[in-house]
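Here we start with a single chain on its own, the form predicted alone, put down as structure tokens.
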Amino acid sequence: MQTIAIFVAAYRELSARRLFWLALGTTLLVVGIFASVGINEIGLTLFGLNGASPFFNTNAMSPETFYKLFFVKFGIEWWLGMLATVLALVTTCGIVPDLVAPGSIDLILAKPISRPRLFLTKYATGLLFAALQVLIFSTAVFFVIGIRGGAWEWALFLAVPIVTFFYSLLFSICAMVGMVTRSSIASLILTVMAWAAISAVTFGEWLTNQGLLANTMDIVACERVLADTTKPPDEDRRAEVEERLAHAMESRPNWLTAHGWFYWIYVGLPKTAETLDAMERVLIDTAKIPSGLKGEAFSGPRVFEPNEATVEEFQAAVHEQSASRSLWWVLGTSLAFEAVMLWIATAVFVRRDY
């Protein structure tokens, strides 16, 4: 009962802020924009205005498929995965600093409740706001797709736990910084900076991994060409392949070193991008989007390509390697990072003399 009382009080305090209702109002506005976009035999429509498109029309895909793809690419990647997350951080960044503010902390510590439970209850309040925001968005989009697309897709509600988990990875940083600095502004700024650093390391690992994979495939393909006795290459072709093989072998140690550094840093960080990618995979599979429209959406753009191996082989290898990192590995390493952040924040809260 004590925990529930603190949880309810924290929620009331949060909902009393104008920013809370502004964030929820913005979510409904985004849903309105989502609902205003339509598709017909010519192309796309927006607020009744038609725009011709050779790719997005009812001759190329059904309204059901269009709205599902629109939710995956716009709803998850841009709104829930970026803009709504920033809005939620702005709204909730003051929860922990307000907890330890002079005057407030004296009254709270007078209650017969342990400090770890008190801090984690306040932390859960921030996650509740994120879950509420995602739930409102998913519910509204569920009815939009059902009414306009003719498909009642219950899998959309998987966004609530997955996006809340994604948000918790960043909010744990915000809570830890807020506990140490006691500043809402510092916790917000440093969390956004940490998010940018995590994204940079993730991109660096992805980039060097693609380069290493292309280098490996080049070496294997060149050796296969040189070892082919049934169709041996002519002298010019052999010289060209030998030169490429020598160049690939020379650059391989650099790729191994670069990727190794990025990978081991990446392992210890929360997998924010891969968490959202997992959400997209689940929705695309459960929503039964035609395979021709899926593309290689989760492999990212191709920066490197092997000279000897085909583009199709390289795409397949990149996709296979991306899928080899299981969801449990993504969740496990991310949860370990979050646990460390919460342990630091809780330890500071328990040991600090107020």
Partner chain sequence: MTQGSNPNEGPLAIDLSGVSKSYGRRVRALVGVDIHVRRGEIYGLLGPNGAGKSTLVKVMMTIVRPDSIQGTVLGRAVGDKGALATIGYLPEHHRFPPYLTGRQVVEFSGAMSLVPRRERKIRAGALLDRVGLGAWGRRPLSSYSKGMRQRAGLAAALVNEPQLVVLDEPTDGVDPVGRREFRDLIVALRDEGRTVMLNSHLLSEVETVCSRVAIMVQGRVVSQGTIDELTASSRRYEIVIEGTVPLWCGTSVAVQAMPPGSLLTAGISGAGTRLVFLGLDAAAAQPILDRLRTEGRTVVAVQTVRESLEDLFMRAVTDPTTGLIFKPGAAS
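Positions refer to the first chain, counted from 1. Quantities reported herein were computed from a predicted structural model and do not represent experimental measurements.
Absent from the display: the form predicted in complex with the partner chain. The rest refers to it.
No member of the trio V267, T272 and L327 reaches the partner chain in the predicted bound form with any non-hydrogen atom inside 4.5 Å. Heavy atoms within 4.5 Å of the partner chain in the predicted bound form belong, among the stretches 137-145, 97-105, 222-230, 179-187, to residues of 97-105. Within 4.5 Å of any heavy atom of the partner chain in the predicted bound form lies no heavy atom of L19. Mapping the unseen interface onto this chain, I113 counts among the residues with a heavy atom inside 4.5 Å of the partner chain in the predicted bound form. A196 falls outside the set of residues with a heavy atom inside 4.5 Å of the partner chain in the predicted bound form.
When the partner chain is considered in the predicted bound form, A9 lines it closely, a heavy atom lying within 4.5 Å.
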